[in-house]
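In the form predicted on its own, a lone chain appears below as structure tokens.
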């Protein structure tokens, strides 16, 4: 499984998953998803939880994971897959999840885990009542595919008849025949439906509503009840000090603030940002651009440099071995231009398994040199992956003319919140990164972060 390619694809390929007139799912990247799932079913599914993955890509992962058989997979793999599918069903906007579930019917996927997932969505979704009102035909299609049309409708008849197999509804007069009928109905419901539910009483109520008359024109919920990505800061006006606590503290330090107070606060913010993250068992070299352009001027002074240093501090806590090569001065005293190409060669000389270049993208020392060196490395037999993390002032910065090495994998960042998606992408380029991502996403599933 090509993890870096998948993560980039999940973040950039925003094409809807559609159902054709004939009912077949239409998705132009089906082969990419299928090959990834075949290579590593659990790792593939967990990648959908990485912050920044697009909803339509997550819907594809939900479809691919539910459509595939789990024969031959051990419980250690099945359990995370079940948790991932539940997280995706409740973490996606409902319309996206419903499209994926409808596609399962067109693919005739009817595994036991598929049935359980569909029943869970239809009858246990936090917004199930509103969804049933607004999307009744689609949900009935999904439900009848999960149980089989005859079984689903038999269950519906049982719960809508008087007494209807519902143990919570009393039988008037103690009539023996009616009691026996209710007992038989209850047994049928348990065998055919309720064993797939966590709350049988609520499931029965919602099943009645699903096959009830409904309300025409009821609005459908649009937002996911359990969003997959953490809430991020969206300041209306970006300044040097509202780009995350680590960077803000560094700005105050660089501007001459009281170190005795700021340094303990800085350490606390770094600890908070890295709490619960596993250690990356790899030797990483960091090329840090400390040139004058990184310092900036005016209202933006120290903004980009502080964000780059924030990333450095986080990497130093997460990586078991981190070697830093600064170029262009020091973080506290940027001066002159950065020799990114020379610093890259120095970093490679330390024998790393991964090189991370952090720069604003301005190569004012021998422009084009980094690109030439990067292009030459494979021909010289250097196979060490090199990635470029581009520090920006805002999310909307135009970086098209600030790409010093177009051949290198590149990703921008401007806020501390970006680290949640940036670190998995960076670490995906080194062998040990797959286990780091797996552990991190499993921790997220368990509610650890």
Partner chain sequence: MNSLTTILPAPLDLGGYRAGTPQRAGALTMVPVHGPVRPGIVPPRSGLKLKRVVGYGQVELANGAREGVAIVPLHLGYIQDAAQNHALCSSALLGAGQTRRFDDACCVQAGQGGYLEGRDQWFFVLPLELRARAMRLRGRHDYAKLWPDISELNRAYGLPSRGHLEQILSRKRAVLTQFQSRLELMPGQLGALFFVGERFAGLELAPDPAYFAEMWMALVCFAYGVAAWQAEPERAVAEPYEAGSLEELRAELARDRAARLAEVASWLPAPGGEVRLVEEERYLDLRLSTLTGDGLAGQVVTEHGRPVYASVFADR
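Just so it is clear, the model here is predicted, and its values are computed rather than measured. Residue numbers count along the first chain shown, from 1.
There is another form of this protein, the form predicted in complex with the partner chain, and it is not shown here; the text below is about that form.
Heavy atoms of residue 323 never reach within 4.5 Å of the partner chain in the predicted complex, leaving it off the interface. Using a 4.5 angstroms threshold between heavy atoms, residue 341 counts as touching the partner chain in the predicted complex. Not displayed here, the partner chain is approached by residue 367 to within 4.5 Å at the level of heavy atoms in the predicted complex. The closest non-hydrogen atom of residue 379 lies within 4.5 Å of the partner chain in the predicted complex. 373 is the sole member of 134, 140, 262, 373 with a non-hydrogen atom within 4.5 Å of the partner chain in the predicted complex. Among the residues 95, 270, 345, 282, the one placing a heavy atom within 4.5 Å of the partner chain in the predicted complex is 345.
The stretch in contact with the partner chain in the predicted complex, judged by heavy atoms within 4.5 Å, is 395-403, chosen from 395-403, 418-426, 42-50, 55-63. With respect to the partner chain in the predicted complex, the three residues 293, 349 and 362 uniformly fall within 4.5 angstroms at the level of their nearest heavy atom.
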